[in-house]
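As a starting point, one isolated chain is supplied in structure tokens, in the form predicted on its own.
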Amino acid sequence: MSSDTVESRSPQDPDEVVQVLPVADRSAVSRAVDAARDAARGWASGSALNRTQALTAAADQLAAQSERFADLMVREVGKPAGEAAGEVARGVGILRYFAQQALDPDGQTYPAPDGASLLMARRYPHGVVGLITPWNFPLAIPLWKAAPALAFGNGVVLKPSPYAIGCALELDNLLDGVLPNGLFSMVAGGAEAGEALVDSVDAVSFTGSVDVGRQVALAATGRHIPVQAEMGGQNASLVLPDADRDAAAASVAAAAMGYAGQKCTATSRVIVVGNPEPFTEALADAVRGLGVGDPGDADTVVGPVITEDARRKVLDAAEKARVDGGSFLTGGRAGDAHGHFVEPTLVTGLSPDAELAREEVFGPIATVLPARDVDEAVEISNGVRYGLVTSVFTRDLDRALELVGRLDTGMLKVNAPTSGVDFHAPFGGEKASSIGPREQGKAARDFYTSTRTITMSPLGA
């Protein structure tokens, strides 16, 4: 173990150190992977009922400690209290869901050519899966990766973001109480720990930035191991003239600015078909009405961004938008409170080619773009390198069904916010947003197992 340490600090009170852990060097990562591999052999070959019982016990433990986990999440990553409680509840649901998936059929049979043999395809775990996860969902993302990996018989080593090591350590402690020794572990650190993990495991699942995700995918592919990378979005909400204006404005405002816009599914572009002014005014009013401040307060929707660097990135994006000719309907400035606060910022007057309309900022800032008609709205929506999620607001079901087929994102929503994920449905994007199979739901088995085709013939054949 390295003598260096990594610490997380509260974004609303940067003077508060939440957790300090030693940095895992390559030898520490290797030991964690070896321990997980040893434990996974018995875990995979044992009864699936044992895996179901263990994950159910983990869900029970998390439910019993829900308030403590939520409070830690508020302190460490600045997640508003309501969202933090919801994330813990989602974590409980994820564990219960995948506890039952451990009992799903693990293969299929096929007609044998000779009529007497048994021809089947059966799924087997990879061995040890490495998870590299971000700070913004410090419980849900590790669990929606770890729960299926464990349910299907793998060992797991988690490398969380340095900004969320406290939450990861608590998850590690919780799972230690219900899983075989060494089967799941957490290693702290930065790029070196992540690289060591990718170099050691049998499969890797990553969530984070495009640049790092590509590096992870290249390294994993070079080792011929399965890789899955979720890498963000530049998500659009299309508002058609017949939309319920006030309902759409409230939905878009929350999706763009909730949790200070720090979600890969946050709305970054609002594309308004026809005369944009009535909806733009309603949206600006909705953004101004959002609770901003201490994430521990029950009425807060927009808390701090995670670091001072993150705040500077948002402010730099706002300044670049101003240079590009944008006008500010709301925000554009740093917050007054101690901590990494930025005012929710809504920009109009930009071209779809402006940087703010093309690149992810990961903060409470969005731009409103007018479109003459639906065709131009689709062109603007599709005209970025990302393809995670798009929302359409309209009362016209026929038009909604048409647009679902024309928008090139992995997830599409009608009269619903871009933000929000259903853990029992496939999650993932197109283009630069994703590499590899979808996450979550029944799709998770495709990544965390491999298929072996088996032929068993009678001895006399």
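Heads up: residue numbers just count along the shown sequence, starting at 1. Treat the numbers as computed from the prediction; the structure is a model and nothing was measured.
As for the form predicted together with a small molecule, it is not shown, yet the points below apply to it.
Contact with the small molecule in the predicted bound form, judged as any non-hydrogen atom within 4.5 angstroms, is confined among 114-122, 241-249, 209-217, 339-347 to 209-217.
Across the proposed site, 132, 135 and 427 without exception bring a heavy atom within 4.5 Å of the small molecule in the predicted bound form.
Out of the listed residues 94, 264, 283, 201, 264 is the one that sits within 4.5 Å of the small molecule in the predicted bound form by at least one heavy atom.
Interface residue among 106, 324, 297, 195, judged by heavy atoms within 4.5 Å of the small molecule in the predicted bound form: 195. Residue contact with the small molecule in the predicted bound form: residue 159 places a heavy atom within 4.5 Å of it. When contacts are judged by a 4.5 Å heavy atom cut-off, residue 87 does not count as touching the small molecule in the predicted bound form. The small molecule in the predicted bound form is not approached by residue 293, whose heavy atoms all lie more than 4.5 angstroms from it. Residue 255 falls outside the set of residues with a heavy atom inside 4.5 Å of the small molecule in the predicted bound form.
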